[in-house]
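Below sits a lone chain in structure tokens, taken as the form predicted on its own.
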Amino acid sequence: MAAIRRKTTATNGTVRFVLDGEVVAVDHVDPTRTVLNFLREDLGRTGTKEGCAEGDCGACTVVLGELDGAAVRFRAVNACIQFVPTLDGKELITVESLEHANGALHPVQQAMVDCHGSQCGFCTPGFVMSLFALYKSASRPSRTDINDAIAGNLCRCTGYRPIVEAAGRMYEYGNGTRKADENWMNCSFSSLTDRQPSRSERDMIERLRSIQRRDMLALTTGNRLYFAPARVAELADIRVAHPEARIVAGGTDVGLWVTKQHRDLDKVIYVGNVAELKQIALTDTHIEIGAAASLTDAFAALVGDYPEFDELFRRFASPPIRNAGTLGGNIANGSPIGDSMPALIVLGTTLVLQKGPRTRELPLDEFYVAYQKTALEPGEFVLRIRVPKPDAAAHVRSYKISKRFDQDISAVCGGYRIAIEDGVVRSARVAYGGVSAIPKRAPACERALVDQPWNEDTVRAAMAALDRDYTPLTDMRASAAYRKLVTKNLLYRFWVETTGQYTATRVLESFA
């Protein structure tokens, strides 16, 4: 069990975070101890539940507050796959934190009660925390926003209608009939408006500023090492010194190694404290995304220039996963079913890789060499993702095929970028994930398209060429025959959407 104490003085081997308005210091914590187990077993906070231990059900949802300029940003995450040391410098908010000093309910909780949003109650704390994050982030969310906010929370008995109703009603208690007290951490919307922060907001910001770390956090527990560098140069040095260490950002994949595979990670390098790796910059030619930028932030930047990818990115896991996970991690883990890769590959994305002081740039479509194997050298890491800005002459799309709309793994994910000039295909990039061992382009298909008229005959020839590009696999998500058919039909769909020549009836007939 970790040693827990109230402390404001920083030491290099101490994890410090804010809980219920106080700075908490944790010594001698296992680097891979999950926040869920820490809450339940060390702090006795049993409101946070374990359902799946893999970030799927949302019963363990908590909210993290982080400094965002002059305000605090609140985001829901899954406690079951977050490691305790990653709380350093943040505010942890659990369902117990919402209790008012006089025992009154938080507006989110009151709305859940009044709308009958709970039956067995096991999932309820997780829903409350997801809605709390929404309450702190949006003044009047749409139904789509509400659906997205709770997409990572599963309920087996209540049904979602009363929960959705509670999401709409919770603002009435905060702004009208039962005005929320500042003791409820009522600093909603501080990052969305220009108003002056309240006293409680200023206190929260000052507490967080007091625990920001300017040096590297290093933990040693038994034979386990944990490093959390604060600068890229520190990360480069640590990575070269410990090339066998596991790099962790959001932990949305590595967390399952601990909770499901029971793997021992003796050396961990956490990159979430490196400010440079979380930066996103827009230039005249590129969208530059730091490798540790969250999926939430990275996708927002990409959709700003490529709105065609909005649905794909909304269907990428759940908000708690997107809030914790990073684009660099999704790329670097080498999974063939990472939904971002086909879209990024067809856009001509490149990766800036660093080893020690040296950097190099590599096209993303050359990064994957075999199943979960990449071109990273020992001691090297992903520094930045460079995505070209849109070309007005190019059509882009990405389609995800899975058994469920929300929070499901793709059977097939396709990405397409085709530049048309005077009705002729001048360049073509087609890529698929989930079909074979790595996400990869379709060179035969692309050759069948280039310098050909953008018409049905050309598209059907390119569809046939896909048989030379992929040998689809069969697994629990789809058969090889199904994947072979879907890869072709998605290309046909792309043609239909970009030309508008076919009616829905004729499209269905062509698929038969």
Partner chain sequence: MDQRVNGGVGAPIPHDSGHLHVSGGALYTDDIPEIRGTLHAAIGVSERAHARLKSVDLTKVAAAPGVVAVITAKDIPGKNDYGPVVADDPIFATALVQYHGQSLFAVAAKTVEEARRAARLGVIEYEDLKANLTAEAALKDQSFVLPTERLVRGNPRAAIATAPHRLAGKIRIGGQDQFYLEGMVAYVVPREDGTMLVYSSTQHPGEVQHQVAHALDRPAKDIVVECRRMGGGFGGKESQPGLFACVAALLAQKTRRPVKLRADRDDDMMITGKRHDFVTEYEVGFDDDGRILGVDFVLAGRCGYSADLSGSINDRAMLHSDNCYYLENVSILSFRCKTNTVSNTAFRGFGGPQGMIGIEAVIDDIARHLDKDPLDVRKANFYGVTERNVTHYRQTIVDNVIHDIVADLEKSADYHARREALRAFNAKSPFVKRGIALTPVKFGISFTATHLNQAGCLLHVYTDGSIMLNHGGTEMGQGLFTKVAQVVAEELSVDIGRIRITASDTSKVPNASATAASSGSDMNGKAAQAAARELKARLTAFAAAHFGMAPETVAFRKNQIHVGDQTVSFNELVKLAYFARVSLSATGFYKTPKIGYDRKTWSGMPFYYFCYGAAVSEVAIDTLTGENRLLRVDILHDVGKSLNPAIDMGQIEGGFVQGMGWLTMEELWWNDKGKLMTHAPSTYKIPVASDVPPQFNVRIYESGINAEDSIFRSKAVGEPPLMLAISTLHAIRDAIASTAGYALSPKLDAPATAEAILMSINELATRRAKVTAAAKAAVPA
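Numbering follows the first chain given and starts at 1. None of the values given here were measured: they were computed from a predicted structure.
The following text describes the form predicted in complex with its partner chain, which does not appear among the structures shown.
Checking 406 to 414, 269 to 277, 339 to 347, 130 to 138 against its partner chain in the model of the complex, the stretch whose residues place heavy atoms within 4.5 Å of it is 406 to 414.
In the model of the complex, at least one heavy atom of residue 116 sits within 4.5 Å of its partner chain.
The closest heavy atom approach of residue 481 to its partner chain in the model of the complex falls within 4.5 Å. The closest heavy atom approach of residue 446 to its partner chain in the model of the complex falls outside 4.5 Å.
Although the partner is absent here, residue 428 sits far enough away that none of its heavy atoms falls within 4.5 Å of its partner chain in the model of the complex. For the options 354, 323, 124, 330, the one in contact with its partner chain in the model of the complex, meaning a heavy atom within 4.5 Å, is 124. Out of the listed residues 54, 27, 66, 467, 54 is the one that sits within 4.5 Å of its partner chain in the model of the complex by at least one heavy atom. Contact with its partner chain in the model of the complex holds for all three of 40, 162 and 475, each having a heavy atom within 4.5 Å. Heavy atoms closer than or equal to 4.5 Å to its partner chain in the model of the complex belong, across 261 to 277, to the residues 261, 262, 263, 264, ordered by sequence position.
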